[in-house]
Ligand SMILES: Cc1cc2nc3c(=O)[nH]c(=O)nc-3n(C[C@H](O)[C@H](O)[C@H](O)COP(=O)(O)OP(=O)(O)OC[C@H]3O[C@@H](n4cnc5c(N)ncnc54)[C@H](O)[C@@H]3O)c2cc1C
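Take a look at this single chain, the form predicted on its own, given in structure tokens.
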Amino acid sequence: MVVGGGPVGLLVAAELAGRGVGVLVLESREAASERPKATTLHARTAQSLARRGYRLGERGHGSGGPVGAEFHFAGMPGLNITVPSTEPGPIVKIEQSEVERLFAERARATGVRVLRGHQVTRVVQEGDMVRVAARRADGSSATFTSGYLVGADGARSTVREQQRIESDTWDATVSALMGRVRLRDPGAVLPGWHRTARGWVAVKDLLDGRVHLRTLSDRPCGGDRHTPPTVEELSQEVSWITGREVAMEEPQWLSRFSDFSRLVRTYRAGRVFLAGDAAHVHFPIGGQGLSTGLLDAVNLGWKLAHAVQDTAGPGLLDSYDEERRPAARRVIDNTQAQVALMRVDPALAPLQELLGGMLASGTGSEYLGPLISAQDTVLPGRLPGGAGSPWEGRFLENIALVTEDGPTEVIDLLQEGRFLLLLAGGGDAAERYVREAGPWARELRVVRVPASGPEAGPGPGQEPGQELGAAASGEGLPCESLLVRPDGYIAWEPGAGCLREALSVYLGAARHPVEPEPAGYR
């Protein structure tokens, strides 16, 4: 079961159902939300979703240098986020409601059952199952059971509360308002980020003549944080920050928020898992919230499917927390840093000037670009012999390859959702790896590609992993062999030890006999 039918919950459901797992989604809303919450998907999220068959933005096919897009950090312009030329664009601008529709279509196509108007009230683990009580929209009740449950039910997660999963929290220090309105004087506040001695106002023009407004100030807004704001309150706040009267009307989707942050202390409690806002909440600066939740879903989906089908290695489900909780902490840390930089404190002016100069010169983007886009993510090693491997845990770029079946790319090879064993050339080593992989043939795909030459591995002056993009020109793999996880991260290379041991760590003990030519061999 998945509790929560938003983008994160629907993506988890679709990932599971696409691998043959029966899934039930319980959602309290009667209909999909049209609220334009998030509007940005960052690079690593777009790259991961492309490997799962979702087309969000155009995919590059060139062999040139990195492709960049301008972004901001703490409201300051100049941040340049880059991606390899063979990947989707650096930033995908798409409203959350459209993302939700996309995942809902995939979920329906793969057989997911979605029950709307079901408010979960109780979650209890009983032996090898989870029992859920829900209240229907008509007031009646229903009970459901499943082998596992994923709580993707938002910041006020009932699943988290019912399972008594503890959290680390950071109290709010600033307040913010957001809404779509029509300005009576269209020139009262121009599009862009505006900083004054009282706070910030961010303005974006919309196609219907309205503007999308966001405010940030150190003073508390009127009303309780759970009370919906009014257009008069938003007008007063914008007027106070800008120092001029800004009248507005025809409000849509007004909301209030703050920099309150939460991170659960574990993403797993037995057979219950948390994902998205149920696990982590932070100030929505930089558009990282939805991207972080969707990366949770991609990480959890294939692991939970293997567990359900009894093909998961020991500790595979625990690795979900080990890999995703540190990533969420990094997002919380960088959003808190951005809020600190945005404070209207004269003492911060030198620091703001310094960072603004770094961004304007391009030097700040080298660190902050990969951080905001999650492209700096390196997963902790899981193999006993992989401590010295520069490859394990790194994301494999979309390399153009020539196989026995013709030209292809890494993105296309991962569409099936299975592990991918890439073998450079022939020789005794490649034949040995084919034999070792035979017992897991149903869970992985074996593909031969041309060798890239003797310069495999990091070159002089390169950091580990820099060479991953060296083969993007289509010359083949930059090392002898790679085992790639369904989410695009490298699970093994020859320097990390025995392939058979790596496969058993991820996929458990071998269950299928070695065949003369293993299924999946190409």
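Numbers follow the displayed sequence, beginning with 1. Source: prediction; values computed, not measured.
The form predicted in complex with the named molecule is left out here; the points below concern that form.
- The putative spot formed by 26, 40 and 153 is fully lined by the named molecule in the predicted bound form; each residue has a non-hydrogen atom within 4.5 angstroms of it.
- A residue is said to contact a partner when one of its heavy atoms sits within 4.5 Å of a partner heavy atom; residue 259 fails this definition for the named molecule in the predicted bound form, lying far away.
- Contact check for residue 324: no non-hydrogen atom falls within 4.5 Å of the named molecule in the predicted bound form.
- By the criterion of a heavy atom within 4.5 Å, residue 119 is counted among the residues contacting the named molecule in the predicted bound form.
- The closest non-hydrogen atom of residue 178 lies within 4.5 Å of the named molecule in the predicted bound form.
- Heavy atoms within 4.5 Å of the named molecule in the predicted bound form are found in exactly one of 227-235, 435-443, 192-200, 154-162, that being 154-162.
- Site annotation in the predicted bound form: the residue of 398, 215, 288, 299 reaching within 4.5 Å of the named molecule with a heavy atom is 288.
- Shown without its partner, the chain has 3, 4, 5, 6, 7, 8, 9, 26, 27, 28, 29, 37, 38 in segment 1-38 as residues with a non-hydrogen atom within 4.5 angstroms of the named molecule in the predicted bound form.
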